[in-house]
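As a starting point, one isolated chain is supplied in structure tokens, in the form predicted on its own.
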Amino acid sequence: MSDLRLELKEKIIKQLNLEDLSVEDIQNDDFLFGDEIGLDSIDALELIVMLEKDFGIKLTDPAQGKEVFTSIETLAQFIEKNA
């Protein structure tokens, strides 16, 4: 597992207070929203704030956010391209 992907899992668990999940519970290709991880629209806003605060990346297009936050893998690839 790459360091960025591990870091993202840790940040998401901490930022969103997902106390019932561990890093090992989240696979890189699990859907963040919906049945697998189960994040909601409020969580999406917190992820946008985390992206800006921790990685200096500002998301302005909501449609882009839907793609970026599909999984840990898509989020990591977006950060690698834009950081």
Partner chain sequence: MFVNGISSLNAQAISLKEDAVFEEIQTYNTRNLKLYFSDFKTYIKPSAMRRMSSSIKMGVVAALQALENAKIEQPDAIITGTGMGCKTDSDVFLEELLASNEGLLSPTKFIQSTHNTVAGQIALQLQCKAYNMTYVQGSASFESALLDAFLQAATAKNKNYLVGGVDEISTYTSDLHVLDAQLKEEPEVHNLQLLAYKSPGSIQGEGASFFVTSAQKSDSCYASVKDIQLYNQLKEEELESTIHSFLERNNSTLEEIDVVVLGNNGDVNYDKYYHILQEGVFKKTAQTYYKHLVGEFYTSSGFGFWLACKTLKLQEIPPVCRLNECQPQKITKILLYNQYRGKDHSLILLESC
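All values reported here derive from a predicted model rather than from experimental measurement. Residue numbers count along the first chain shown, from 1.
What comes next is about the form predicted in complex with the partner chain, which does not appear here.
> Classify Leu18 as contacting or not contacting the partner chain in the predicted bound form by the rule of any non-hydrogen atom within 4.5 angstroms, answering yes or no.
Leu18 belongs to the contact set for the partner chain.
> Do Glu46 and the partner chain share at least one heavy atom pair within 4.5 Å in the predicted bound form?
Residue-level check for Glu46: yes, a contact with the partner chain.
> Report whether the minimum heavy atom distance between Asp29 and the partner chain in the predicted bound form is within 4.5 Å.
Heavy-atom contact with the partner chain at 4.5 Å: absent for Asp29.
> If we define contact as a non-hydrogen atom of the residue within 4.5 angstroms of the partner, is Glu36 a contact of the partner chain in the predicted bound form?
Output for Glu36 is no: heavy atoms all beyond 4.5 Å of the partner chain.
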